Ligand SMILES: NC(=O)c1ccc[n+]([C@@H]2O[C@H](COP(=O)([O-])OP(=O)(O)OC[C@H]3O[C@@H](n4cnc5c(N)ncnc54)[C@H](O)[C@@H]3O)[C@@H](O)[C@H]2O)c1
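Just the one chain here, the form predicted alone, laid out as structure tokens.
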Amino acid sequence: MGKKPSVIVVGAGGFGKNHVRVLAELGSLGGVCDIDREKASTYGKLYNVPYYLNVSDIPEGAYDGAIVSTPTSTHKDVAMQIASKEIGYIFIEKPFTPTLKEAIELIEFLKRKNVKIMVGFIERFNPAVKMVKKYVDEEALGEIIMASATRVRRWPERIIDSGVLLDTAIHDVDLMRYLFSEEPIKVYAKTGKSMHRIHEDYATILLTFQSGKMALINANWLTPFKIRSIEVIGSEGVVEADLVTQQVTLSSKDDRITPFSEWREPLRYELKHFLDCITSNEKPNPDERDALKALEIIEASLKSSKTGNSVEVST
């Protein structure tokens, strides 16, 4: 068995600490970088790996891959600096960058550096989503007609660099593309601010696809409890999935089944895929195209909400 890839996590606060933990469990945590000295040193000492306070301090050629889990507004600059450290694989947390324009600039730069890119759409690695995708692909629901997603929770007012669309609903935008294996052609959305002053904190998005399929996405930071669920309706049945408990129920006119499956951490599957790609020198999935499409749809949603009209998106 060959040597495991060595990966550095840049940004160990927020969700980044989970990347640190899971990479350590997988035996591939090579280092930690965070501007907060206490965080960096705590994780460095806990896992016995080098730690750095600035990306500029990371030695060249020391790591096979890097995770960018810093605030979204810094992703472009951080990823560009990392690429200059001879790191061939970069995993960038969603939503990749704050804007489509920045995403295009970053991708062009990384391609010139021959860096392979993965974007952190973790729900694709959720066992419940995998089961739903299997039902859809095997036509267990007949012909797919529509799907809906709900992603809600209470989120206190805080300083953040994006609203509920970019931070939350983007997961479900990616899921609809993934489940349907098709690009939406039109977006209609309504958003609003209730408890959060700077960014939108509730949104509804309607996606229309070339085939006639529809997808409805609801997201907010107002509901006092957490729901993350999807439902896909076909001509012969319906599948419902709770993305938190990972319970999936398949219903037809004759039957209703809920297969038992043990809960598994999606992040473990996601990072395992990233590491496997480094080992086999393959392109990760989801990649930069998925990042671009999701950002394009989110920007179309914001435009639709502002103008009150549906917005066409490229396929």
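Quick note: we count residues from 1 along the sequence shown, nothing fancier. Every value quoted in this text rests on a predicted model; they were computed, and no experiment measured them.
Note that the form predicted in complex with the named molecule isn't included here; everything after this is about it.
Quiz item: Only one of Glu183, Asp167, Glu240, Glu102 has a non-hydrogen atom within 4.5 angstroms of the named molecule in the model of the complex; which is it?
Solution: Going through each option in turn, the one that passes is Asp167.
Self-check item: Contact assignment for the named molecule in the model of the complex, among Ile90, Ile122, Val132, Ala215, heavy atom within 4.5 Å
Solution: The residue in contact is Ile122.
Quiz item: Would Pro71 count as a contact of the named molecule in the model of the complex, using a 4.5 angstroms cut-off between non-hydrogen atoms?
Solution: Pro71: yes, in contact with the named molecule in the model of the complex.
Quiz item: Would Lys94 show up as a contact with the named molecule in the model of the complex if we use heavy atoms at 4.5 Å?
Solution: Yes, Lys94 lies within 4.5 Å of the named molecule in the model of the complex.
Quiz item: Does His75 make contact with the named molecule in the model of the complex, using a 4.5 Å heavy atom cut-off?
Solution: The answer is yes: His75 has a heavy atom within 4.5 Å of the named molecule.
Quiz item: Just to confirm, Ile278 within 4.5 Å of the named molecule in the model of the complex by heavy atoms?
Solution: Output for Ile278 is no: heavy atoms all beyond 4.5 Å of the named molecule.
Quiz item: Which one, 114 to 122, 184 to 192, 241 to 249, 205 to 213, holds residues whose non-hydrogen atoms are within 4.5 Å of the named molecule in the model of the complex?
Solution: So the stretch in question is 114 to 122.
Quiz item: Which residues, if any, of 12 to 36 lie within 4.5 Å of the named molecule in the model of the complex when only heavy atoms count?
Solution: Read in sequence order, the residues that approach the named molecule (within 4.5 Å, in the model of the complex) are Ala12, Gly13, Gly14, Phe15, Gly16, Cys33, Asp34, Ile35, Asp36.
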